[in-house]
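Shown next are two forms of a single protein chain, provided one at a time as C-alpha cells under the names structure 1 and structure 2.
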Structure 1
C-alpha cells in the first residue's frame, strides 16, 4: 500500500506501467523454493539491485523488469517516484534494444516438481472473508506530512464456514447473545489488530494478548436475515528489544501494543448460511514500533483505527492474510 500511495498514484508512472505486464508474488518463496516461477525469478534476480548480497539479509525484494525470456532489464527497491520512473525508462530502452530472438522463451516452461505451498489454495470459499483497513486517526497536532499523513494499509481476514457461524448466536431470537470463541477473538487481536499503517509488522504472540473479548447479539430478524450487533474490547502488549530502522539492525528495548474497543453490525442469511454484510470498527491507541513498520519517530501512544468489511469474490479478494502462518 505504501508503494501505491507514495508512487504508483503518480500519473507518469501509471503511463509508463502501461508498457509492462505487472505480476506480484511473495519474494522469499520465489528466491528459496522449487517450481517454474521460482526458477524463472532466480534466472535474473541476481543481476538486480541485491545480486549476490547475503548480509544484513539475503532478501531479493524489489521491483524487477525482465523480458518473457528471462533477460534482465532493470530493477530497484524503492517507493520514490523519480527512482521508479528512471528504472522503468531504463527497462523500456533495454527492451527496445533487445533482439527479437532474445525477447521470448523458445519453449514453454516445464511443469516441474515444486515444494511450494501457496496460501491462496486455502481460501475459505464457503466461509467469511473480510477486507481489513488500518489507518491513523486525526490528531490535534498532526505529526506526519506527505503520503504518511493519509496513509492506510489493507489486509484480509479468513474464517472457515464453521468459524463464520460462531459469530451468530445459536438461539435465533431477538436479544440472544453469544461470546465469540476466545481463539477467534484472539486471532483478530494477534494477526489483524496490528500497526501496519506505514509498513510491515509482526503479529502478536498468544501470550501477549491481555484481553480479546467479542460478543454478538441478535438485534432483529427479518425472514432468513438475522441482524447482529457486535461489541468487545482488546488489549495486546509486547515487551522486548526489536530491530528498528529497516535494515540498520539497531535493537531498541520498548513496549509495543494496541488497546481498543470493537463495535459492528452484520447480517447472516440462515438459508445460504452466509453473511450478506459485515462491518466491524475498531478504535483505540497503539504505541511502539517494529523493524519494518516505519514508526521510528512515532512511538508514543496515538489513535489508530481498523475496519473489517465483507470482501467480494474476485481474484483481488483472494489474497491470503499477511499473518496467515500465525493463524
Structure 2
C-alpha cells in the first residue's frame, strides 16, 4: 500500500515499467493455491529475495521480474525508488542476455486457463460493484508524519443484481422509503467499514456489529432515473486478545471498533435495472488496531472516513473484495 505513493508514482519507475508487462496480484494465492498461474509463480519465487524463508513468516511478497517462460530475472521487496530502479535495470539486462529459446514457454499459454481458481471469477457482472476508499480525517493534534500522514487505502464491494435492487424503495414515488436489509447493512459494517487505512485488517464478526442501519428514500424521479438518498449509522466493536505489532507477534488484550454516520446518493435506472451513479460517505471514530494495520501507537478514538463510489468495468476493477469470503 505504501508502494503506491513511495514507488509507483515515480515517473522514472513508470518509464522503466513500460519495458515490461506490469501486473499486480495477491501473493498468498499465488504462493499457496492451485492452478497454472500459481505453478508459474512458484517456479521462480524461491530464487527471489525471500527464497526458503519461513520466519517470521513464509510470505513471498515483493516485486519480481521474470521471463514469460518463468525464468527468474530479479526481485526485491522494497518501496525505495532507487532500489527498485536498480532491480528493474538489472532485470532488463538479464532479459537481453537470455537466449531466445529460454524466454518463452514451449506451448503458448491460453487466456482464461486459470479463471476457475480465482475469486475474481465470481465478479457480479450484472450487479453493483463499488470502489471503497478509507482515510484518516483531520485531528486537533495530528498524530502521524511521513507516509502515514497521507495514507489511504482501497478495496472493492460487490453486490449481486438482486442485492443491488434492494437499495431502492419498492414503491416508486417521491418520498418512499426502504430500510436496507439487516444482513446487507451488516455486511457493509463487517467487511467494509474497517480500519485498513495503513494496511490489512480483519473483518468484524456478526456478533460484533452493534448497529448497522441504512435507509433509502426517493428524492426525485426523472423518467427511468430514480434518485435516491441514503442515511444511516453503524457501530462495530470487538474485544479480545490478538496479535499486534506486525511481525513482532505481540498478543495483547485489545478493543477495536468503528462508530459512524452514513449519507449517500444514487441514481437507479429502472429500464436497465442498474445504478448509473452511487456514492456513500461514512464518517466516524475508529479505535484500536489489529496485527498488520499499523495502529500500535494510535489506539485511541480518532476520525476515519470511508467512501463508496461506482467502480469501472475494466479488468483492474474486477478484483475481489478483500473480505469476500466473510460475505
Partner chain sequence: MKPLVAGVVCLLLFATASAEEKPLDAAWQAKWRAAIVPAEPERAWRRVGWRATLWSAVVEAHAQEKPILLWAMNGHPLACT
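Numbering follows the first chain given and starts at 1. C-alpha atoms forming the largest set that superposes within 1.5 Å between two forms make up the rigid core. A quick note: this is a predicted structure, and the numbers were derived from the prediction, not measured.
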item	value
Displayed copy of the chain that is the form predicted in complex with its partner chain	2
Residue 317 C-alpha moves between structures 1 and 2 by 2 Å or more, core aligned	no
Post core alignment: residue 16 C-alpha displaced by 2 Å or more between structures 1 and 2	yes
Post core alignment: residue 72 C-alpha displaced by 2 Å or more between structures 1 and 2	yes
Core-aligned Cα shift of residue 106 between structures 1 and 2, given in Å	4.9
Cα shift between structures 1 and 2 at residue 50, which is computed once both forms share a superposed rigid core (Å)	3.6
